[in-house]
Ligand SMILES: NC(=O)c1ccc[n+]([C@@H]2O[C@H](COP(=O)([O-])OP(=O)(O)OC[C@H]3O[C@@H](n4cnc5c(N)ncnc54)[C@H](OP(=O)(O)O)[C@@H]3O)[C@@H](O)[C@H]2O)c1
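Single chain ahead, written as structure tokens, the form predicted on its own.
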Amino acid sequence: MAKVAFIGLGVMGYPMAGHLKEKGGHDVTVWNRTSEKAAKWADQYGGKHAPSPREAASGAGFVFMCVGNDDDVRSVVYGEDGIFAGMDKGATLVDNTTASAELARELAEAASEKGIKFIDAPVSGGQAGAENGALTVMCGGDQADFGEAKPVIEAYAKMVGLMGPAGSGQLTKMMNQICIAGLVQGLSEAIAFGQKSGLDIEKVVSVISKGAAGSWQMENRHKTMNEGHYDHGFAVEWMRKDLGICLAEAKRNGARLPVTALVDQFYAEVEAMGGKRWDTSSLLALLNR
């Protein structure tokens, strides 16, 4: 059992912190901008909640955070009430936020100056993966630090891997989102094509999903896509945030992402249709307007 802090109780963080307490058996203290939510979590899981990130992190061997973006991370890490102000030397900060690789490197350097270990550890698997404790966690950091943190991270994960030095976890998550963006657009076009052709989409998918075209998205999203239901899953606005990070990194490293840039614009059109909170599979709604 470890003494653990968790900062940020959104749709992902809330169940992740719960798994650290229930499955991992750790002593967990949480903090959230909305204190009522932190109190609710403490009541539900029998943990504790603190009035600031600093107090939550005080005395913890591992501090996890899962917030919105780079600015949100900085707002809870730095300052007199921030995580760094409360952490002890030798403790480990694990950032599950999907953020930039640039920020990960910044935090790794700042943590090192304070004698704190740092791992960037964005996750994939969505809300369902968080609730089921079955996330894929892509880590960047030192091998020894990762080895210490991995058994704790495994409380909410089905796969945990070290991709390289600080920032590598975030870069891996970018690759993950690039793959998903192109895949969902292709799946949307195929279903739209099949619908226009009068095919039975269920029959078609039962066959092609067992071949080279098969994917998680096809298996788990084709039914709701065919029915035009998108009120679930990973929100379009979150995907646009992630693709923005990918495109910004591509400008820095010189990678060409023409399909990613195009799909990002398609998602902008979905947002304009009122689909900001729709699942990413709603690209089909754009084709069926």
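Computed from a predicted structure; not experimentally measured. One-based numbering along the sequence shown.
There is also a form predicted in complex with the named molecule; it is not shown, and the following applies to it.
**Student:** Name the residue from V30, V67, A60, M225 that puts a heavy atom within 4.5 Å of the named molecule in the predicted bound form.
**Tutor:** If I apply the 4.5 Å criterion carefully, the residue I get is V67.
**Student:** Since exactly one of S209, Q127, S112, Q195 fits, which has a heavy atom within 4.5 Å of the named molecule in the predicted bound form?
**Tutor:** Flagged contact: Q127.
**Student:** In the predicted bound form, which of 185 to 193, 211 to 219, 148 to 156, 67 to 75 comes within 4.5 Å of the named molecule (heavy atoms)?
**Tutor:** Of the options, only 67 to 75 has residues within 4.5 Å of the partner.
**Student:** Is V11 one of the residues lying within 4.5 Å of the named molecule in the predicted bound form, judged by heavy atom distances?
**Tutor:** Yes, V11 sits close enough to the named molecule in the predicted bound form that at least one of its heavy atoms falls within 4.5 Å.
**Student:** Is T92 part of the interface with the named molecule in the predicted bound form - any heavy atom within 4.5 Å?
**Tutor:** Contact check for T92: no, nothing within 4.5 Å of the named molecule in the predicted bound form.
**Student:** In the predicted bound form, is there a heavy atom of the named molecule that lies within 4.5 Å of any heavy atom of F234, even though the partner is absent here?
**Tutor:** Output for F234 is yes: heavy atoms within 4.5 Å of the named molecule.
**Student:** So, D242 and the named molecule: in the predicted bound form, are they within 4.5 Å at any heavy atom pair?
**Tutor:** Looking in the predicted bound form, residue contacts with the named molecule include D242, since a heavy atom lies within 4.5 Å.
**Student:** Within 4.5 Å of the named molecule in the predicted bound form, do we find a heavy atom from each of K37, T98 and K173?
**Tutor:** Yes: K37, T98 and K173 each sit within 4.5 Å of the named molecule in the predicted bound form.
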